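Alright, two takes on the same chain below, each alone as structure tokens: structure 1 and structure 2.
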Structure 1
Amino acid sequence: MLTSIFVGGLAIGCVYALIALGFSMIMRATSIIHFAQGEVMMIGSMSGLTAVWLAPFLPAPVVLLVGMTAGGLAAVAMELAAYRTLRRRGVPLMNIITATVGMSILCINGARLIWGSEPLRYPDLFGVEPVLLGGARVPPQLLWIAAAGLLLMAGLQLFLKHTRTGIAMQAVAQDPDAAQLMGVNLTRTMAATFGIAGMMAGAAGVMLGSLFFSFFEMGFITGLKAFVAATLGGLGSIVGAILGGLLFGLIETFSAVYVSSAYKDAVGMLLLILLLLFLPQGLVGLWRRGR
């Protein structure tokens, strides 16, 4: 029982962590809280499902790649069409954050026009036979989602530390002016940040859609929960987003089982309020302060 609950919490936590990574990456690079990140996830989920409709025998990794590509393109399009233009015009930061809310609403309504308002189910991408794990029967999709999520997060860490683009993204996040003086192209790096953040969200969308269903409003509450997860870990921290997402997924899953599934969303919002009151710097900030 505990094993299956833990694996389920880990899988959901990976979904939250991937979206939270987007929040943190964009926050570090631009100081923008990208409230349309949940809708980028929704676009990735819907696009992956559309690919399955067009080619029913696509393997799960290809469907995941389609969702990642769609999420990345959507995020870059938002940055190029709206946020960059507003920054160049010297619009206050709060107005740009407000624009992300508007972009979120635009995506929700656009998705409703394209895919309709009914929940849409993914086919069984990972099989249906339960896997025996520690004496518990665990659905295979939970194991695949947890494995894929952890692999993507590890790959992102390697990308940021060992590639020229990743190092440039970290330099811009720390000091944009100094990075530009050292020859970093800010325009290209900002677009890459949004693109990779969108790819992480698109992957999360395919995972969440295959676990439950795809829906034009699926990004709203999931995006809020991912924001709570990013805040839990320490908003703006890559490691914090991963830790916060995994921990939040476990907290939500165990509270749904041992408290009530009807109030699991309220648990997340209560956690956000408590974090803002007592631990605004998040887990990573608390760890750094204690060193």
Structure 2
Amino acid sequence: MLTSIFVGGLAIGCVYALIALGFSMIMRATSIIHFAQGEVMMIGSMSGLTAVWLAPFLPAPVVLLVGMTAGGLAAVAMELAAYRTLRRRGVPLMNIITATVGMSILCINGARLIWGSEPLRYPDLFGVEPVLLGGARVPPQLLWIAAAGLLLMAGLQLFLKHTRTGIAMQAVAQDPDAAQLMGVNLTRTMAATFGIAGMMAGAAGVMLGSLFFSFFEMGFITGLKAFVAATLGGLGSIVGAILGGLLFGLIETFSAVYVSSAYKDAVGMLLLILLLLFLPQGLVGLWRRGR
């Protein structure tokens, strides 16, 4: 029982963590709260599903890749079409944040026109035979999702630390002006940040879709929860986003079982508010306090 709840929480936590990563990366590079991040996730989910419809023989990793590509493209398109222009005009931050809300409305309603308003079922990407894990029968997709999620996050860490683009993104996040003076192409790096953030969200979309359903409004509440998770970990911190996402998923799943399924979201929110009162910078505040 405990094992299967834990794996379930870990899987949903991976979904939150992947979206939260995007929130954090964008927040760190541009100070924008990107409210359309949940919709990027939804676009990834829908695109993955469409790929399966068109070619039912596709293996799960390819579907995941399709979702990632679609999410990445969607996020880059938003950046190029709107946010970049807004930043260049030097409009107040609140305007850009509101524009991301507009973008989110656009995506939700666009998706409803394309894919309809019915929840759409994902085919079983990861098989149906339960896996025995420490005496508990665990649905295989939960294990696959947890594994793929952790793998992606590890991959992102390597990318940020060891590639030129990754290092440039870190530099821009710390000090855009200094980075530009060192020869970093700011425009391209910003677009790359949005692209990577979108890819993570797109992967989360395929995972979430295969856990439950895909539908046009799926990104709204999930995106919010991921934003909360990113704050729980500490906005702007990659490790914080991963920790926050995993923790939030576990809290939610455990409180659905042990507290009340109607109030499962409230538990996470209450913990968040309490945590922020003592650690105004989120979990990363625990070891960053000295600085």
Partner chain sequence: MNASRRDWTIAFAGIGFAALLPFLAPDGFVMHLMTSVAIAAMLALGLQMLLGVSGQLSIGQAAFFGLGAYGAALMTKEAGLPFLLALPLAGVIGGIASLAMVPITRLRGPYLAVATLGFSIMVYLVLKNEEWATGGSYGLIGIPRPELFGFRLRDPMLWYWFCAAVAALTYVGMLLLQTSRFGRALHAVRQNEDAARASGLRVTLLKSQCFVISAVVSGMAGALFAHHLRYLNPNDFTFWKSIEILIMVVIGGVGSLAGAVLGAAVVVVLPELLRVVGDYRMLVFGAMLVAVMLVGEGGLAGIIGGLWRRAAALLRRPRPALRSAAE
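Bear in mind the structure is a predicted one, so any value in this text is a computation, not a measurement. Residue indices: 1-based, along structure 1. Under this definition, the rigid core comprises the largest set of C-alpha atoms superposing within 1.5 Å between the forms.
Structure 1 is taken from the form predicted on its own, while structure 2 is not. Core-superposed comparison between structure 1 and structure 2: the Cα of Ala266 travels 2 Å or more. With the core fitted, the CA of Leu275 sits 4.2 Å away from its counterpart between structure 1 and structure 2.
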